[in-house]
Every structure is written in C-alpha cells, then in structure tokens.
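The chain below stands alone, shown as structure tokens; this is the form predicted alone.
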C-alpha cells in the first residue's frame, strides 16, 4: 500500500495502543480491495481527548475505533449517537462524516456466537458486568435471547446492568447474581459468555471461571479474551466436548462492522481473519 496525498486515514485512539491488532487487520483489507486508505494507531492521553477529536476533524480523518479508556468519555464530543451505542453508554467507532458514534463490540460478539448457534430463544449467562459485558449483553437481548443472567463479583454492579437492560424492553427476563454461584447457572444455560479478564495474557495460567465438569456438550462457550487464542476456559470447553467460540472472532467482526461504517463497503472478513491469525501466530 502506497501512502499518497489523497490517502484516507482511519485509525484507533486509546491509551495505550501498542498492543492493538487492528492496524494489520484493516490494512490487509484495504490492500486486498485496493482502497486508498491507511489505518494507524494513536496513543491519546485522556487529558487530550477533546483536542484529538477536534484535530482529527480538522485533518479530515475519516474514522476512528475507540478503545480503553476513551469509550465513554468520547461521547460528549460527538454530534450524534447510534441508538444501541446510546443504550450501551459507550462508543468504539466514530464516523467523521457526521461525527456519529457507534458500538460494534456487541454485534461482533453476536456474529461470532451465531457462527455456532442462534441466540434466539436461548438461555444466556454472562460473566462480568464491565464495559464489554454491557455492550454484549444489550446485543444478546436485542437478538432475541429467552433469558439473560449477568454474574459479577460485585453483585450490585451486575444488578445495575441487569436493570438497565430490563428497562430497555429488549428482553423479558434479565437476572443477576454472584459469580461465585456460576456453576449452578451454567448447568441451566445454553450459552456462556465470559467478559472478565481471567486468563488474559500474561495471566494465561489463571484458573478458569468454570471447569469442564460443569459443562455439557450442548453448551456454547464464548471467551472475549483473544490473547491467548485458546484460553483456560476454552480448553475446559473442549475437554467437555462443548462448543468453543474464540475471542478473535469478536475482534474480527467488530472490525468488519467498523470497516463498513467508514467505507460503505463490505469487509473482506477472510483476509482480515488471516491477518489477525498471522499477528497472533495462530495456525
């Protein structure tokens, strides 16, 4: 890809951003489609967020992905919010055409899970009640789950998130509870989603939130962690002959959604996935 005077810039803002796998994924897509775009990561100190958005507009940047710690704070500098991003209360994609914020994290998770099973009419258990859980849980509700249970160490946080989802009227049954009781909830679940950082590099030897003995072969197990690719939880799922869904798929599909928002073009998902696997050294 040759950078020219007419090259369109998109990118990532966060703090830090060195760990990001998004640049190789998006740049592989632009190269394949021979699009005059380049994707760059920008480390933006939280104190400079307002100036970064204004500067990007002034420089005719076409779009941003937004990662920690800017996903909530950035909303106040946008002109418009997508309906689901507003419900979630966080943005991970900005389109500078109309300075509009979106959240593609949830749809990324849903598309990853729906490669294996439909979410409609399923009983879903979500571990964690942070930003990733919030984004995913709203989409799980939107896609027609029968019931949704949110578990967290801080039970009040799970209760608050469950209340927000219930208030949205996207789903009839939303429950919350303590993650210490997760075994009992998983035994009655169709889908288990782990949004906690348990098992994330460099803590890949952490004990998983659930052991194989609690799982059955019909259970779908999704771990939002993508480094390492095969987390301790997914190893337990494989041991139980349950159906694993890898975090790399969420990263892939949220990126593909952002790509379409910025360019209006369907993303070449296969090429983006291969670029991710190469970056993460996955066979």
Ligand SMILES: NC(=O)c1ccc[n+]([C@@H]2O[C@H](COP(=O)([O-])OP(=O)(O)OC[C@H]3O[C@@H](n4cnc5c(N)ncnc54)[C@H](OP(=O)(O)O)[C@@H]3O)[C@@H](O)[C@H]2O)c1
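Residue numbers count along the first chain shown, from 1. Please read these numbers as outputs of a predicted model, since none were measured by experiment.
Just so it is clear, the following notes concern the form predicted in complex with the ligand, a form of the same protein that is not shown.
Contact with the ligand, judged by heavy atoms within 4.5 Å in the model of the complex, is confined among 146 to 154, 93 to 101, 80 to 88, 117 to 125 to 146 to 154. The partner is absent here; in the model of the complex, the one residue of 251, 234, 215, 53 having a heavy atom within 4.5 Å of the ligand is 251.
A single residue from the set 44, 256, 29, 224 has any heavy atom within 4.5 angstroms of the ligand in the model of the complex; that residue is 224. For residue 198, a non-hydrogen atom is located within 4.5 Å of the ligand in the model of the complex, even though that partner is not displayed. Put simply, residue 131 is close to the ligand in the model of the complex: some heavy atom of it is within 4.5 Å. Of the heavy atoms in residue 247, some are within 4.5 Å of the ligand in the model of the complex. For residue 171, no non-hydrogen atom is located within 4.5 Å of the ligand in the model of the complex, even though that partner is not displayed.
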